[in-house]
Each structure stands twice: as structure tokens, then as C-alpha cells.
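We begin with a single chain expressed as C-alpha cells, specifically the form predicted on its own.
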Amino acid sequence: MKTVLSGIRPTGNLHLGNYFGALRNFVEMQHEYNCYFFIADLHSLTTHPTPENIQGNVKSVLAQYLAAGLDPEKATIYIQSDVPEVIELYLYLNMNAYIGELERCASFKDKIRLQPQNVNAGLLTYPTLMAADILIHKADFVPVGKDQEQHLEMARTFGNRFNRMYNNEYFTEPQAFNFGKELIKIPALNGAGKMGKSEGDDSTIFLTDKPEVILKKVKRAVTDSGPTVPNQPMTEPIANLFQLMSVVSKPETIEFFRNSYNDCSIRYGDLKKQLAEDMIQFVNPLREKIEEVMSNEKYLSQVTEMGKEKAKASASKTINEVREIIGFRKY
């Protein structure tokens, strides 16, 4: 069975973009692949070196993963810092990573521009830590966005370099995972861009948002002055609202408002009200499940311990073999 690995930083709540993007596919994948899903608390230190509530953030993200359908019996769900073997492999890879190639990494350039007062070694060696996450489980596939493709390429570079240096074909080349279908892109409520943390909380519907919060956000969604001629092409903000409606509303509801738009009788206030109601109906069960899981400390503890045990079993095997290949003395 092929192995798939994916991680998420514990820096915020999941939103509809996450849910309709990769998360639903992860839920399906866990039945067909050997899946590792980890919460990247070590990675988060590169931008938040003194996190205020890292344990609370980890707990929140874990609860959201579980509420969305990830099954700890089928997949390995673990916290990155629970597996120190990752850090050891990170050290070995850093010994064979060159300053020039790390400095040329696009994400490093972006981060030093965004946080010029905190240009730390962790930022520079971020690609080697990501490579360690992938190679420690000898992952065949890694679901990555455009912004992470270079990091995956560097993971292949570091793995192949290890093989050449020690004359051993130990690490295979991890490939980008293709879900086999186009991911649904969820637009932001501000009229442009996709839903996400970069667009701001007011333009993003989080899985933990309560009904009154969702209603307030949708009411503020950007619109235009309305169609003036029948079948007028939609502007981006209006097309975005219909795109949002397509994932939470019934087909007959969408058809009603599309016909109203085409014959110029549409009232955007009515459309927003309906969209908010449908979003609330969609998000509420997820939010309630998240709250239920969050309150079950015993269950969360069991999940993390189970994930730690399974992840360490895989990681320990790899690190022991890597030590032997490098030539460290056996004890």
C-alpha cells in the first residue's frame, strides 16, 4: 500500500476552503492509502518562536481533523514534536544541505521580507525539516499546493543526495499527490481571492463559526449594483457568491436565484440571507462535533498516544537504518 503524508500548522481554525479543498479528500484517502497526518508544531516555531498557547492550538486543530472525519484507527494522526526521530533526520539532512540552495528557496525570501526582525536558522532550514517529515516515513505521495512544490522538489534532492553520498538507494522520490479531480476552490467574501487566513477573518467562514457570526460575515459580503440587462455576465463578487451557494445550497435554490439574476429581479439581500442560512445549516453539525471532541480530553489523549506510537514505530525503523547506512556504531 502506498504511503501519503500531509501536515498542517497549529495556527488557526480550519475554514470552508480547507474543508472543500484537501480535507474531504484526506477523509477518502485514509481508506485507500497508508496515511500520515501530522500537526506541525515544530514548523510553527519558525514564525512564532514563543507561541502563547501552542498546546491549545494543537488540541483545536486535532479536534477539527477528527470532527471532519479523519479516523485514528485507519490513519496515523500525530503531533510532530512527539516524534524526535524527525529532528534527528533533520540534523543529518542539514549536514548535506547547502546554504546557497536554501537561500534561493522562494518561501525563505518571502518570510524574510515579511519578518525582517526574525530571520532565524529555522526559516533557512525549513525545507530540510519538511524533507525530514516526508522521508522519515518514506512517503510515496505528498499533497502540496503551488507554494509547497519547491519544498517537495528539495525533499527529493536531499533524499537523492543522501543516496549518492552513502552509495545506497535507500530513499525513494516522493511525488506530488494528484487527487484525480480538480479541488473545489472556495472564494472569499470580500469579492476577490480564495477563502483563507490571508484574506482576513471577516471574509472567511471557519468551521467553528457560530450562526450569528456567519450571518454577520455573509451580510457584509461584497456585491455590485445589480444587473441592468437580462443574462448579463456576472462580476467576480457575484460569481463568487453563486460559487459559495453551489457547495452549500440545494440545486433548486441556486436555480431560483440564477433565474432572478438573469431576468434582473434579483435582490442581493435575499440572496445573502439564503446563503447565510444554508451555510449555517452546513457548518453547524461540524461546529457541534468539534465542540464535542474538544471537550473529550480522554479521547484526545488516546488519539495522540495512538498516533505517537504508530508514527514512532515507522520513524524509529527509518532512523535506525539511516544510522547504519551513515556508519554509526551499533550499541
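Counting begins at 1, following the sequence as shown. Predicted model only: the values in this text are computed from it and were never measured.
There is another form of the same protein, the form predicted together with a small molecule; it is not shown, and what comes next is about it.
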The stretch from 260-268, 32-40, 64-72, 285-293 that lies within 4.5 Å of the small molecule in the predicted complex, judged by heavy atoms, is 32-40
Discussion item. Under a 4.5 Å heavy atom criterion, is residue 142 part of the interface with the small molecule in the predicted complex?
Written reply: yes
| query | Using heavy atoms and a 4.5 Å limit, would one call residue 171 a contact residue for the small molecule in the predicted complex? | reply | no
So in the predicted complex, is the small molecule close enough to residue 312 to count as touching (4.5 Å, heavy atoms)? no
Query raised in the report: Can residue 126 be called a contact residue for the small molecule in the predicted complex at 4.5 Å between heavy atoms?
Result: yes
The small molecule in the predicted complex has a heavy atom of only one listed residue within 4.5 Å, and of 130, 154, 79, 186 that residue is 130
Students should find that, of 24, 308, 323, 9, the residue having a non-hydrogen atom no more than 4.5 angstroms from the small molecule in the predicted complex is 9
